[in-house]
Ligand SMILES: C[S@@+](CC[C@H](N)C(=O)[O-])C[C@H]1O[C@@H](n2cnc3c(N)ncnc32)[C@H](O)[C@@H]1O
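A lone chain, given as structure tokens: the form predicted on its own.
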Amino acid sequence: MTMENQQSLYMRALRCPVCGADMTHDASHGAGMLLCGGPRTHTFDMARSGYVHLAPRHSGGGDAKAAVRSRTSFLSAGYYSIAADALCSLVSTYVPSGLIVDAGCGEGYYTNRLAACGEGRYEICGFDLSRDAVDAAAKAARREGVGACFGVASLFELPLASASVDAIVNIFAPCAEKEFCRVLKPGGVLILLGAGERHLLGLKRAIYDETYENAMRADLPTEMQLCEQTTVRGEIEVVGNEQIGNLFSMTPYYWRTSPEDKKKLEHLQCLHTEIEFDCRVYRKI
């Protein structure tokens, strides 16, 4: 898929992160570039893998290469496929067509699944602050032959015009309600997917002496209409110490756990755990 034809909704929605002018795609040089229509014509080169860097140059953050590789390995093994299936089902129900943004797309696992199941009904683009993650996402899209576009940008400062997006999906990422409402069209939908109360309880039991269910997230929308809330549950058997480590590195526990408790996973070869995903659909009023 090229930006010039198949991704016309995406290109029409894009705005220059420097001056806010509209953008055009110039494919005449190398991998191509984006040009803004402002008086100073800001330019943004396309990477060979197909993504474009639209965050301010001083911006940093997001996952590093090692974390991206770990998450890609775990997700591509299908452990969270029920979450991807639930997301595709909700999008099919609430978004008949148009432009979908994956805000905080990471390595693009869910973005590319949506693009694959969309069957041309809509266009999808993903934004994340991690250049390594976005690069992996764009490469995966090309490898899998799906038409998703990717850019480096903060989900709190999306390089998109106001009221230009039909739907936003926000998966295990912060919910930037104010920014999401800005870019959503009137009646547009926001689909949140995050950890349920008992998500990864088996992993926590393998690490900690005392375990607790997850608390409800604190950043749920307050100015949008809740249309649906559902919980998707399952159980997985994570086989191999490397994959267990990959899973652990994806969680907030990775940063909060003491070295002594982390050692409990060093020789674990099989982990049985519940997985539970909280899915919510909101509509911009």
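No experiment lies behind these values; they were computed from the predicted model shown. All residue numbers are counted from 1 along the displayed sequence.
Keep in mind that the form predicted in complex with the named molecule is not shown, yet the notes after this line are about it.
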Exercise. At 4.5 angstroms, heavy atoms only, are Leu190, Asn214 and Val281 all close to the named molecule in the predicted complex?
Worked result: no
Exercise. Which of these stretches, 136-144, 91-99, 150-158, 206-214, has heavy atoms within 4.5 Å of the named molecule in the predicted complex?
Worked result: 150-158
Problem set entry | Contact test in the predicted complex: Ile171 vs the named molecule, heavy atoms, 4.5 Å | yes
Problem set entry | Non-hydrogen atom contact Ser130 with the named molecule in the predicted complex at 4.5 angstroms | yes
Exercise. Is the gap between Cys105 and the named molecule in the predicted complex 4.5 Å or less for some heavy atom pair?
Worked result: yes
For this session: Tell me, yes or no, whether Arg71 is in contact with the named molecule in the predicted complex, where a contact means a heavy atom of each within 4.5 Å.
Result: yes
Exercise. Tell me, which of Ala84, Leu75, Leu201, Ala116 has a heavy atom within 4.5 angstroms of the named molecule in the predicted complex?
Worked result: Leu75
Seminar exercise, completed: Restricting to 110-124, the residues within 4.5 Å of the named molecule in the predicted complex through any heavy atom are Tyr110
